[in-house]
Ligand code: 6PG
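What follows is one chain in structure tokens, specifically the form predicted alone.
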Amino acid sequence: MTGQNTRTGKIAVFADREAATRHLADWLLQEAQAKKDGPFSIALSGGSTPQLLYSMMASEPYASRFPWARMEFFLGDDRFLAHDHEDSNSGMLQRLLFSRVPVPAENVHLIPTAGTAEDAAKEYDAELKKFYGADTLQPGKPLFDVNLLGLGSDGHTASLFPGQPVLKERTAWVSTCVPPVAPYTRLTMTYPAIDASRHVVFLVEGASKRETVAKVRAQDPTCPASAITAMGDLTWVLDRDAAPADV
């Protein structure tokens, strides 16, 4: 595995949101179909940007072609809310994707909502380790085939927000975050868990993100996304509006 970061990762630019999203759907289908030695594991991102992707995956020509029984779905982050709350990433994914395709219920690993946020983070951490088959991440053995990420205008990704203690977490795979600029306590995968991916993919759209993409590619330390690395490769999937001038 090559090992890449936000500076060395390749960039794919498309005319618009539809084209960028369809490219990603096609690529995910290809990767999922090609994986034969075990399950195809993917960590999904929340927010508004990937919602078109999830709707595409649940529609033809994709819905009947994904090997749903061999796919394992996780969430990169979520708000600590009941899954039926309108702001829950889990609820959004249930509506747009999981309820519309024949994925086995046991293959969908939603972030827990019981107890305290800290309890839920420990429970999800344990679930990841059970799936991985070890309590520590091993070089050359990815946790995820694909880790899908978005990018906030402040440079956050997943729920790794600027100035938060979670940015220094190097032991736990899942931790909590209480961003002062965003509502709700969050649960998020940490840098080590995201790094343990065969493919890390940033899907970013819109002119409002162009400057932030440029900062993260330059590894501006004020942007938490700048510290994202991948055990394998890292790719930027951008629409033209989000692409910096030098791309």
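Being a predicted model, the structure only gives us computed values, none of them experimental. We number the residues from 1 along the sequence you see.
Although not depicted, the form predicted together with the ligand is the subject of the following passage.
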| item | value |
| --- | --- |
| Proximity of Leu151 to the ligand in the predicted bound form, heavy atoms at 4.5 Å | yes |
| 4.5 Å heavy atom contact, Lys209 and the ligand in the predicted bound form | yes |
| Residue contact check: Arg79 to the ligand in the predicted bound form, 4.5 Å heavy atom | yes |
| Heavy atom of Asn89 within 4.5 Å of the ligand in the predicted bound form | yes |
| Listed residue (Ser64, Thr222, Gln30, Ser48) with a non-hydrogen atom within 4.5 angstroms of the ligand in the predicted bound form | Ser48 |
| Stretch in contact in the predicted bound form with the ligand, which is absent here, among 30-38, 192-200, 48-56, 211-219 (heavy atoms within 4.5 Å) | 48-56 |
| Stretch 165-201 - residues with a heavy atom within 4.5 Å of the ligand in the predicted bound form | Arg186 |
